[in-house]
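Next up: just one chain, as structure tokens, the form predicted alone.
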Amino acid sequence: MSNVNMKNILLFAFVGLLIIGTGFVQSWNVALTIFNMGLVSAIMALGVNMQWGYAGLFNVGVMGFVALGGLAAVLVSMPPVGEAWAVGGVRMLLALVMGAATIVFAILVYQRMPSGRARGLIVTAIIVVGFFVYRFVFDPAKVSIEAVNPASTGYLGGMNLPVILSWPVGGLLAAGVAWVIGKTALGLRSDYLAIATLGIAEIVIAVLKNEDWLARGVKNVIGLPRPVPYEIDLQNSQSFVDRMSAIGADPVTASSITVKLSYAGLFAVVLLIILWLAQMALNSPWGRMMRAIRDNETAAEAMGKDVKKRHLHIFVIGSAVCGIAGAMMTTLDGQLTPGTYQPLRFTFLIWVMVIVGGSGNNWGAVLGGFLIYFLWIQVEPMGLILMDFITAGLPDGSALKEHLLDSAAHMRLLTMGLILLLVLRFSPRGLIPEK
């Protein structure tokens, strides 16, 4: 076994020991919670690694694609609200179709008419007229839907299908939005893609927060169906209680651990499938072509490669993976809360995972996902312990002591920045660098 492989094994073993140690020191519920979110974070990091590590595409709108996956969980799994559909559902669908038709018609006219002032005027007229007609149909439907029992519903609901189906649907939804962005921004300078993805991500979050008819906005959708049993059902199962009592385990604690282990099994299967597919793609002629384009676009174009088309492919694939992870995370949470989607958590932190783990290396992205999420969760309580130790000699009520204790909440950001600086200084290609 080579030294490189042994190093990689030791790195994964170290992260595993951190999570296992959390189980012994704190609780197994905490350890499994970190492990499950580590699995989801690793999938997000894989998606970003495909875009940046394979093709050099700078996507700073990861948050938006993750949020689209969360929206898919609601649209697929929640039951439809019959009264809302009765008062405005059909009209809402008609409005959306009319809006899409206006955009498509304007694009077709723009493409088929010769350039000139007349084309600009006609396209502008189509968009303006289409917008007012769209709003004429959309606004009454929106008001009617949101007026239906707004305390608990006020939206159209979903398709009442198994929530696990929302995972691939989340990937498809994110891929569709990525295709629109890619067709617009790819082929231009890389900073245009960054601006486009950042803007689209903010637009997605703004829509989720303000369009109550879609997913209740900031009132949140709670009680999403689960792909695993509920703790209370396990506790009411006599056979489960008997099995746990036979091994001396508390049925309440055991039920929570069982549910988290069930999630871990499902998430691990998804991660392994995506990782296997990513490895197969990376080591294929397609993967070598993508890295060749990343390293020298001019040379690749000279060899007859369609750089823009290939960039679009990998951008859509990476965004789809982030959408899958977003649907999985919302399934784990059991609720969609648009207010929690922040760039710091769902863009910056994912980029730190990729950079620290090793850009261009799928195993590095997975390692970074687990390690950085573990630190993201554990650094704040560790920082509080450190501050308690530092301020132990200071009198109670001291302004300095209170300031230092309050500063423990900022240890997350300080630690992430410090880790990023150390890795870039001593291992600039990441802990598991690309071969």
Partner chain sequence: MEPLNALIVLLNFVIVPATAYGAQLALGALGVTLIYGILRFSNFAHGDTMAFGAMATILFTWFLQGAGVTFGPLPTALLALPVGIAATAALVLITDRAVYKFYRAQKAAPVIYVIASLGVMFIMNGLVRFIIGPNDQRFADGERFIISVRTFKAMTGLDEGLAIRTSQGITLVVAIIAVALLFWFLNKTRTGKSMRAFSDNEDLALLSGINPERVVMVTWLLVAALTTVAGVLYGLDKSFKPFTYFQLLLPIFAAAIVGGLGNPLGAIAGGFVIAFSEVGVTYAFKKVLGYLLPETLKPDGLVQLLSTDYKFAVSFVILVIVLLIRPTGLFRGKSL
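Keep in mind it's a predicted model, so treat the numbers as computed, not measured. Residue numbers count along the first chain shown, from 1.
What follows is about the form predicted in complex with the partner chain, which we do not show.
- Proximity to the partner chain in the predicted bound form holds for all of His410, Leu414 and Leu424, with the criterion being a heavy atom within 4.5 Å.
- Although the partner is absent here, Asp250 lies well away from the partner chain in the predicted bound form, with no heavy atom inside 4.5 Å.
- Heavy atoms of Asn210 reach within 4.5 Å of the partner chain in the predicted bound form, making it an interface residue.
- In the predicted bound form, Phe132 approaches the partner chain with a heavy atom inside 4.5 Å.
- Contact annotation for Gln342: at least one heavy atom lies within 4.5 Å of the partner chain in the predicted bound form.
- None of 253 to 261, 161 to 169, 219 to 227, 343 to 351 except one has non-hydrogen atoms within 4.5 angstroms of the partner chain in the predicted bound form; the exception is 343 to 351.
- For the options Leu404, Ile377, Val30, Leu394, the residue carrying a heavy atom within 4.5 angstroms of the partner chain in the predicted bound form is Leu404.
- Scanning Pro140, Gly82, Gly176, Gly199 against the partner chain in the predicted bound form with a 4.5 Å heavy atom cut-off leaves one residue, Gly199.
- For the partner-free chain shown, Trp52, Phe58, Val60 of 35 to 74 come within 4.5 angstroms of the partner chain in the predicted bound form, judged by any non-hydrogen atom.
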